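This document starts with one chain, in the form predicted alone, laid out as structure tokens.
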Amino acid sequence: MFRLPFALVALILLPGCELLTGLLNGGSGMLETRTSSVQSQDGIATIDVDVSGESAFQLTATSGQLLAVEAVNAPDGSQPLYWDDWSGVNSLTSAVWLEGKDTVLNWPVRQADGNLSDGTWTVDVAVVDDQGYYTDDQVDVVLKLKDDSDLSTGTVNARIVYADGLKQDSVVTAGVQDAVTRWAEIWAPYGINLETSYEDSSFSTDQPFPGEGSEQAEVSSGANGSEITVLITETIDGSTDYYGIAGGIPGTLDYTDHALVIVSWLTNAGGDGEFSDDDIRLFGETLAHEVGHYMGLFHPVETTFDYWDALDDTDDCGGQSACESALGDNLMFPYPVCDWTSCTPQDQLTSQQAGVNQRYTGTL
């Protein structure tokens, strides 16, 4: 989820509670939003997802207790996702990790997960207290369903929000716009069109990690329900140790304090605070990388070189040298690969990585 500078690397649905809240058009697809509340029973909230022609759905669940997806059950009775299958060294979705009082699932994640067949899908969400025991609580649910017949092309809408005063800084705004151009160039060969809007704000120029800031739900609340919010800050967590960080893998299209990507312009500009051509390239790669996380992509290999993503066409390499050789030009590699004079361009995606991005519910 982090992109680090190179120098740092050595249920039952309650009757009448479902509500259609909106339809949004974007690109060739349409996005439908449904909301509901579900009471868990014996620690499991079972959420129904009625599918009729849609190609993907995103479930965002929130509660006063810890949440994680236990299983996805298809209309034919099969179970294409069970949490324990992804508790080892390969990562498919952070939804199965018991990390907080919300969880986000985008389904399907990969082409290998199959198509979203018509009928009633169910998602079992575990509700767990702070002591690690199953418990019962109300779970609030936002479902977004994508009706998009073409999963080889799509448009992503990114809402760029400048933290306090940065929109008035010509160095920052010129750098961001040039980096966004680079970001769009990276995505174009993989069938993803990038549309951006820009906003000013009074939010702090130093932001904690997503979910830890008092302003962050307010940041995301300005989105229209189909956008990914990218907050441009000066620093993250009080330092320039991080190029950027995403609020989830995947992140939600709903309005929560995790519903954003945070990127530090200063870290991407380097120690002199000015953007060289190489800095702009790196900045654009950072934006594409972090939003790639938000759309469901993991690093193909983690910096310990013993954990990998769930995709078959990203090399399960071992060791720093072998992984830099095999994957160093991949957009989702966990750190820039540099020598004393330059850094390797990181703009490549595999077919399956591109497929994950296309299946993200916000790619329309």
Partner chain sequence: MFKALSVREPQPACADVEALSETPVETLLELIDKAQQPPWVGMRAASCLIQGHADAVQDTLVDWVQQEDSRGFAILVLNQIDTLPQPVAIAVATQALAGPYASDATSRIAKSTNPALLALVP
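Numbering follows the first chain given and starts at 1. If you're wondering where the values come from, they're calculated on a predicted model, not measured in any experiment.
The form predicted together with its partner chain is left out here; the points below concern that form.
> Three residues, D241, N268 and G273; all within 4.5 Å of its partner chain in the predicted complex via heavy atoms?
Contact check passed for all of D241, N268 and G273.
> Tell me, which of D137, E234, D102, D124 has a heavy atom within 4.5 angstroms of its partner chain in the predicted complex?
Checking each option against its partner chain in the predicted complex, the one that comes within 4.5 Å is E234.
> Considering its partner chain in the predicted complex, which of E324, E32, D315, D48 comes within 4.5 Å of it through any heavy atom?
Selected option: E324.
> Where, among 36 to 44, 332 to 340, 63 to 71, 307 to 315, do residues come within 4.5 Å of its partner chain in the predicted complex by heavy atom distance?
Stretch 332 to 340 is the one.
> Under a 4.5 Å heavy atom criterion, is L282 part of the interface with its partner chain in the predicted complex?
Judged by the heavy-atom cut-off of 4.5 Å, L282 is in contact with its partner chain in the predicted complex.
> With the partner left out of view, is D278 within 4.5 angstroms of its partner chain in the predicted complex by any non-hydrogen atom?
Contact with its partner chain, yes.
> Does its partner chain get within 4.5 angstroms of any non-hydrogen atom of T286 in the predicted complex?
Yes, T286 lies within 4.5 Å of its partner chain in the predicted complex.
> With the partner left out here, check for me: in the predicted complex, does some heavy atom of V171 sit within 4.5 Å of its partner chain?
Result yes; V171 sits at the interface with its partner chain in the predicted complex.
> Going through 288 to 307, which residues have a heavy atom within 4.5 Å of its partner chain in the predicted complex? Please give them in sequence order.
Residues within 4.5 Å: H289, E290, H293, H299, T303.
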